[in-house]
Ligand code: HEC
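Next up: just one chain, as structure tokens, the form predicted alone.
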């Protein structure tokens, strides 16, 4: 359904926190950049500039202030004022860090005493992966050459994983190793000879992971994992598009594996919720809303949330409607959706939603197809669902594992007891 109800967006800003009396690059700003920014902003990465030295940072000072005050950088767009508020992989700056950078720029961006500069951060191959060095890497055997101009391509490439024994996966990450600008998305799937033939409905195999621009890693909590069998082949389904110059593209799948012989207690699942196929977004319209629903057949523990929309996406929220409809709870909301950053938000262990069987996951998506959307390629077109970048999608990838009724009751009781203990100690 469609509604033109306006969505209340949370204002962006920082609280009234004072920065140090005197702020310099060497003493105050460099440590923040090392911790939060340099993993991307350094040579031979996709970031547009390096931020390793004062000489590299100084010309960008005003732009850096603008981006961090607006909370556009580092990229982290989930609203921490509603629903789940704490995340395992939160890379956002604190109010104090933002105030420090702002004051440094406002006072002329001084360099400071070179003796105050911390040792340069060392980077190695593990820094190329958000989850650290993988135990297994599977890559396309050869580059794909994308012409300067041409229609979007959707291709499947099947690659042997080289795995000779059954193992359990704890973390998954897919990333372009070449030509990230032409890689719109990649989905990876596991194909095994002894998997049942379903008559063609599952030709790509058992879903493993989805990559889109800016995606980080899916990492499961201890005790939850996914089986990958010996002899498994990885199917790479790629959506590639031309960007005005001939480009070589390649992608890699990295897997973190549990130790040999380890069998996790819970079987992790990643699937898409929502994604309405009846999208109909009028031309020149803003705050266009669509809703989609998925019902949990069993009790579940949610591990992560990753909304997926395209250039006209404005906001994406997921709420839980509990059995009977007497309780509705907002779980997560990305109120400033950015197509350039398909981030997975890993819920903190103590806040992973525990949901009973029969819970309805309600996805709410908002779109801006007006000229005010600077990312909108053509506001005069009516937009419908589709795979192309100029089409739209809605929904979110979620990771979870199912619980028995008894496990669900035990985990709910344990969380209530921990909350009561924490409240009593305050």
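No experiment lies behind these values; they were computed from the predicted model shown. Residue numbers count along the first chain shown, from 1.
FYI, the form predicted together with this ligand isn't displayed, but the following is about it.
S.K.: Under a 4.5 Å heavy atom criterion, is residue 93 part of the interface with this ligand in the model of the complex?
M.R.: Judged by the heavy-atom cut-off of 4.5 Å, residue 93 is in contact with this ligand in the model of the complex.
S.K.: Even though the partner isn't displayed, in the model of the complex is residue 69 close enough to this ligand, meaning a heavy atom within 4.5 Å?
M.R.: Residue-level check for residue 69: no, no contact with this ligand.
S.K.: Indicate whether this ligand has at least one heavy atom within 4.5 Å of a heavy atom of residue 49 in the model of the complex.
M.R.: Judged by the heavy-atom cut-off of 4.5 Å, residue 49 is in contact with this ligand in the model of the complex.
S.K.: Give a yes or no for residue 258: in the model of the complex, does one of its heavy atoms lie within 4.5 Å of a heavy atom belonging to this ligand?
M.R.: Heavy-atom contact with this ligand at 4.5 Å: absent for residue 258.
S.K.: Please name which of the stretches 115-123, 164-172, 70-78, 223-231 has residues with heavy atoms lying within 4.5 Å of this ligand in the model of the complex.
M.R.: Single hit among the candidates: 70-78.
S.K.: Among 364, 393, 360, 39, which has at least one heavy atom within 4.5 Å of this ligand in the model of the complex?
M.R.: It is 39 that has a heavy atom within 4.5 Å of the partner.
S.K.: Pick from 345, 341, 129, 266: which residue has any heavy atom within 4.5 angstroms of this ligand in the model of the complex?
M.R.: In short, 341.
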